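What follows are structure tokens for two forms of the same protein chain, given separately as structure 1 and structure 2.
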Structure 1
Amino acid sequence: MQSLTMTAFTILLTIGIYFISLRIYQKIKIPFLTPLLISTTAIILVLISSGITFEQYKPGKSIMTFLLGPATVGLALPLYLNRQLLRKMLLPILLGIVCGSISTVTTAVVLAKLSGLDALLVTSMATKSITAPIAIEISRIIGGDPAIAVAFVVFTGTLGSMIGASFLSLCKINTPVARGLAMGLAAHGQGTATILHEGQLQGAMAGVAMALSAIFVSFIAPFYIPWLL
């Protein structure tokens, strides 16, 4: 009974803090105070101050993580609503995803090598712009560390969700399709959730970019990344 109460409390705590963070962001609109960053920081502080351990938080986390599946499938709705535009722009979208996927992998590896990072870090960093489950498997295949790879994925998604939309606006990239594709490619799930607040079309394109880039990179990574290294 106590464990069920703790699980319910951690779920309600996470949801409550997220919605408070979302309201704060909607009022102040500061890129560095995205709901993801505010809520993550607040939850960590609450858990530490209340003495709740990660093991106690884990059952609630597992339930919320499981619900990511239906939430991801839910991205198909805005995609369906914009299916005519997707058909019309299919070739440019596919070309953009292919070029964007190759460039994210290439720049990550090249910049990491130029910075003199350890080979293991370079290999693990190569999958930073792919959604976490696929990044883990690719990292294992190419000789990286899955834990380090996930850390880079989370950092990339968090940073992308914080500054991605503002950076696109700074670069005068205002087309909804382009903004969605860029956020989905560069910042995967977190970027998709952020850009979805701008509109259904941006969210739909981000979902397409996130899914197709992950599939494309999973095919080329075992050959392309070792070649880069």
Structure 2
Amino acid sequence: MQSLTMTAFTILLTIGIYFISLRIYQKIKIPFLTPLLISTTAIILVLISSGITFEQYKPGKSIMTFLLGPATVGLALPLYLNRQLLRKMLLPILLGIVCGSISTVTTAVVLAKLSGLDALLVTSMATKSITAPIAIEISRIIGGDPAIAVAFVVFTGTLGSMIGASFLSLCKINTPVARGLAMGLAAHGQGTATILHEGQLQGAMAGVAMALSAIFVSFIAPFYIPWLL
């Protein structure tokens, strides 16, 4: 019974803090203080200060993440709604995604390895530019750690959404299609939300890049990452 109360408490705590952090994020509008970062930090602080271990938090975790799979499948819908755009620009989209995904995965893994990081960190680095729900699954398959993978994904998304647009302008990458695809590929959902401010086409392209790069990397990762390591 006590563990049931604990589970209920951790779930209510997580949901409550999430909605509070949404409000905070809307109010202060500091790009790197995302609801995810605020909530996670707050929850960890509450758990540590009240002496709750992660083992006690775990049962609530599996209940709360139950809908993650179905939500991820839902990514097919924006992709389908943009099918005309996809068909029209198929070659640049596909080549951009293949080149971008392979180059980012390779640099991340090789540089992490050269920095002398543990195998677990290097492997979890491989999925850093993939949207979190799929990064979690890929990192399980290739032997990384899902929680560390999420941390890398969020760091990348935050960095990309903060500097991405100016970096693209600096590199004289100016067409809306190229900017959108680059932001979606490099910084997944957070990049998509950011580049959407430049226009609908950029936002739609970013969404397409985010979904397709996740699919592409999940096909190559189980073979390519062990080969890189």
Partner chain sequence: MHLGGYEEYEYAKVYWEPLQDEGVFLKNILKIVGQTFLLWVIYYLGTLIVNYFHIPLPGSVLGILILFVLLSIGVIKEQWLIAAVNPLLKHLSFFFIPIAVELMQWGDLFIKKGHLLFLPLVVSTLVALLATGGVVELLTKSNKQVKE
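What we label the rigid core is the largest C-alpha set whose atoms superpose within 1.5 Å from one form to the other. Residue indices: 1-based, along structure 1. What you see is a predicted model; the values in this text were computed from it and never measured.
As summarised for this chain, the second structure is the form predicted together with its partner chain, and the first is not. Asn82 is among the residues whose C-alpha shifts by 2 Å or more between structures 1 and 2 once the rigid core is aligned. Once both forms are overlaid on the rigid core, the distance between the two CA positions of Ile220 between structures 1 and 2 is under 2 angstroms. In the core-superposed comparison between structures 1 and 2, the C-alpha atom of Leu13 has shifted by at least 2 angstroms. With both forms fitted on their core, the C-alpha atom of Leu22 sits 12.6 Å from where it sits in the other form; this compares the forms between structures 1 and 2.
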